[in-house]
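A lone chain, given as structure tokens: the form predicted alone.
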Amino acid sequence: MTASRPGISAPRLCNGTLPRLPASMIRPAYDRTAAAIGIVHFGPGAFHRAHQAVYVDDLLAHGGDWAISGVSLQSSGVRTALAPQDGLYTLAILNETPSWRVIGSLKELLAARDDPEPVLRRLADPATRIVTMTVTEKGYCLTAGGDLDAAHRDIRRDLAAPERPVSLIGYLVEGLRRRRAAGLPPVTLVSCDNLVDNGTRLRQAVIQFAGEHDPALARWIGEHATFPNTMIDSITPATDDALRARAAAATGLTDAWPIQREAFSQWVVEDRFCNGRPDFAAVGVTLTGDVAAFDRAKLRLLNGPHSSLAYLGLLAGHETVADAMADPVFARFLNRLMREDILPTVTPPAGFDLNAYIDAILHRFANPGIRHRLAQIAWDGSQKLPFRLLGTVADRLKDGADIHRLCLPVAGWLHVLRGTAASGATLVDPLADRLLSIARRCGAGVDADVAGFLAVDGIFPPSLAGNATFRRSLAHAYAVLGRAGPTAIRQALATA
């Protein structure tokens, strides 16, 4: 089947139009009407729908009641786009030759901001056994030290009115409270965000919140609920109109929100579930007792270089990861950064070849089929850099190693902030107001500029911000990158 002729609207993707898909199109291999919901997921955005929802789609083909209720905390956009499609959407796998499939594991779409009660009922439903989440680092409302941020606006509100939550943590605790009151077992709560020890941090925040109102509930959660640590990986560029057009051409149907990702996908989960689980291993999920080793390798060797490409690539005028990797100067710089500066700080999981992992990452970054915009990767730098780069810097300082290459992407971020402030563009970051205020005051000199940013201890811990070697190296990198034009950026990387 081909797409409709120009000017004629193609039918909408939905249960009723599935039979109209081309015969070669992969589609749900199970009866969607028969599969009950067993998983609640907070944050059904692009990454979840390209990653966990695909694993669950494969699981449902093996049977079982593990369909997903997708909950958006702040927006109704996903529900608006996908509810008329019965939760169905198209996934493009971006290899040299793209492939397409329709995913059916999202059976329900809820917008918590519009109506909290259906969300809470779903959390307290006996059929719900797992709650997963991709809400980004800022969605957990944590302090720099990893505790629940009791001063956060949403947390303050939820502590005052816990029965009508607005935050992720508030919803989780109220859902668990209702389960306990009904005599039900708790659920397994699975963070799938790029946070070090994400399950451990989530557990601490949930118990801290519960303890503010009901110490007995907090003890029950601590004794009976489980919070597995996880690691996730798959490059997922944002959806645009070009993807919508390609999806329509491939399916012959209109899809309001198709998704795209690279072929590579990895999901590592600590095997600690309190209320049953599906056979995740049968669909390629790695179940392990040591997620930390996988997580550290990914955060430092993939996410750190990804952010490095974003900030330095934007300064050099590149638009996407593949564009930057096609520049030999960037490819050589990234290779040295990964092998010489980051690799020595990573202890591999048993049987894991770190050099082969680096080879695979460089190959993935260079994939011309992926148009992953550097500007998207650059979002939320204040939340990402402490885990992706600054921890590596701190470890290399302890070892007495040279950190000049590691400081270049950090300095690159500072210059991106300056450029954003100067242009009046929107900065996507939970600390946007403070960072832009600092950036607007820059210009008094390198040392003063750098000192302004280093004073943000939620990003730069005092032990790092006060380190003379780091301050000197960061100031040097900032000065080098401050010279005008992409040519100066490339020259700085070529000589690093």
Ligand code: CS2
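Sequential numbering from 1, following the sequence displayed. Not measured: the values here are computed from a predicted model.
Omitted here: the form predicted in complex with D-mannonic acid. The next part is about that form.
Enquirer: Please identify, from 340-348, 225-233, 152-160, 421-429, the stretch that has a heavy atom within 4.5 Å of D-mannonic acid in the model of the complex.
Expert: Among the candidates, contact is made by 225-233.
Enquirer: Please determine whether each residue of L302, I377 and R388 possesses a non-hydrogen atom within 4.5 angstroms of D-mannonic acid in the model of the complex.
Expert: Answer is yes for this spot.
Enquirer: May I ask you to check whether N198 falls inside a 4.5 Å heavy atom distance of D-mannonic acid in the model of the complex?
Expert: N198 lies outside the contact set for D-mannonic acid.
Enquirer: Heavy atoms within 4.5 Å of D-mannonic acid in the model of the complex: does T132 have any?
Expert: The answer is no: T132 has no heavy atom within 4.5 Å of D-mannonic acid.
Enquirer: Could you tell me if H372 has a non-hydrogen atom within 4.5 Å of D-mannonic acid in the model of the complex?
Expert: Yes, H372 is a contact residue.
Enquirer: I'd like to know whether T128 contacts D-mannonic acid in the model of the complex, with contact meaning heavy atoms within 4.5 angstroms.
Expert: No.
Enquirer: Considering D-mannonic acid in the model of the complex, which of H318, H415, R177, K384 comes within 4.5 Å of it through any heavy atom?
Expert: The option sitting close enough to the partner is K384.
Enquirer: Between S72, N194, T239, T90, only one gets a heavy atom within 4.5 angstroms of D-mannonic acid in the model of the complex; which residue is that?
Expert: Among S72, N194, T239, T90, a heavy atom within 4.5 Å of D-mannonic acid in the model of the complex occurs only for N194.
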